[in-house]
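Presented as structure tokens, the chain that follows is alone, the form predicted alone.
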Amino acid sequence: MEINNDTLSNASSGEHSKHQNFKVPGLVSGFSKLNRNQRIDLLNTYLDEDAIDLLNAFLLPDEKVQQVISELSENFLSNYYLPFGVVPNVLINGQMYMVPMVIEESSVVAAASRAAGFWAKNGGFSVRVIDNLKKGQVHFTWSGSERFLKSVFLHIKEQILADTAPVTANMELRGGGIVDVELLSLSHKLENYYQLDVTFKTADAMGANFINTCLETMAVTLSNFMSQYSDKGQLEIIMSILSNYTPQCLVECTVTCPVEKLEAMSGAYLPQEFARRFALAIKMAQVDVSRAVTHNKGIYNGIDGVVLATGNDWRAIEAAGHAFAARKGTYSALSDVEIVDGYFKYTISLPLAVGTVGGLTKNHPIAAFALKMLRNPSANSLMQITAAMGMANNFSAVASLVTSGIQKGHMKMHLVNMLNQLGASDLQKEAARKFFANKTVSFAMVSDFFKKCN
């Protein structure tokens, strides 16, 4: 392994030229080309033997499976484990599921399970996919007349569709492809800024690579086409990339029941009072951004667990959802509630772009197993399942907030984590469970109990 003080030579001139001879002490060169053992050797400079043993201990005994995991990411050192759990009794559109979740917070799985069990007895989750369109953009500048660019756009579009036909052929056989190509002018926001705004269907695939390949092909077509009109202006392609904002890939999940049926969730309150308090809590999340962020985070507690379990991109899904929550100019709750004629109705609507073929969904053996648990769903079905789990976790969280408070159940679920942190034995854990069965849990109180046990 080479650790050198290479000169940074990418500065060119002017203000940046003073950095041209700057030496970087300890700069690592070619780290990604090393094998795992060489990377570990390098880390010996920073870590003790116990830390290295820990990295080795988390490797899988099956070498073939481990190789698959090792090759998922650059600069691999070891595996990072998260719990793979399941939520039973999830009734969606009349079909029962056992839904896998990957998440480090036990109270999330418990909350989702509680809500799933309640709604399974009260009609289940009604979920519909409103649409499943995705989009990408070719960002470019054009120095000439906007009117002229628009006048030739139909010809550009025809050529784009012809040039991307070889790329889209297989996707079209699966029911996907390019839905539309639009020319957008954003020159009122940034001088000479234009976009090709492209709508796609990607069938059961997440479709990122397909979309980006299409967009880069379109960019070449656009540039070549406009080069013949260089006397009219100059066109420069800046970038071609999918957008993770997917407001047309939309799913809606609803639960409804007579108000009196809410008694099982209403704690010390009458079900009518519980429903009133629940509805008021949702309205607060719709008008106050501080509450809305935490409210929506509760939705994504459930969604992210399923998305991680099935090998989908939780970062893209969250980014789209939060942008959607702010689409009207103010960040707000992704849910709404109605109480009409003695019926309680709760709904969440959000963008949810997931895939069930390609990428990690098949390469990662546990992700493939998770999809098998769900009976190998289509992308639309996985959208429905994932949205239902967002609803389940959020419903339980709000129900707890407006009745007993979040900490009573939340901290009890963390009791074992606290005891593990303190090094408790199995006997001490059992004693602690009994002691705290009807008491408030805090780390200070658990620590004090543990000291007395010793």
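Numbers follow the displayed sequence, beginning with 1. Predicted model, so just to flag it, every value in this text is computed and none were measured.
Another form exists, predicted together with a small molecule; not displayed. Remarks below refer to it.
Heavy atoms within 4.5 Å of the small molecule in the predicted bound form belong, among the stretches 196-204, 67-75, 306-314, 287-295, to residues of 287-295. Each of Asn301, Ala397 and Leu401 comes within 4.5 Å of the small molecule in the predicted bound form, counting any heavy atom.
Contact annotation: Glu105 falls within 4.5 Å of the small molecule in the predicted bound form, judged by heavy atom distances.
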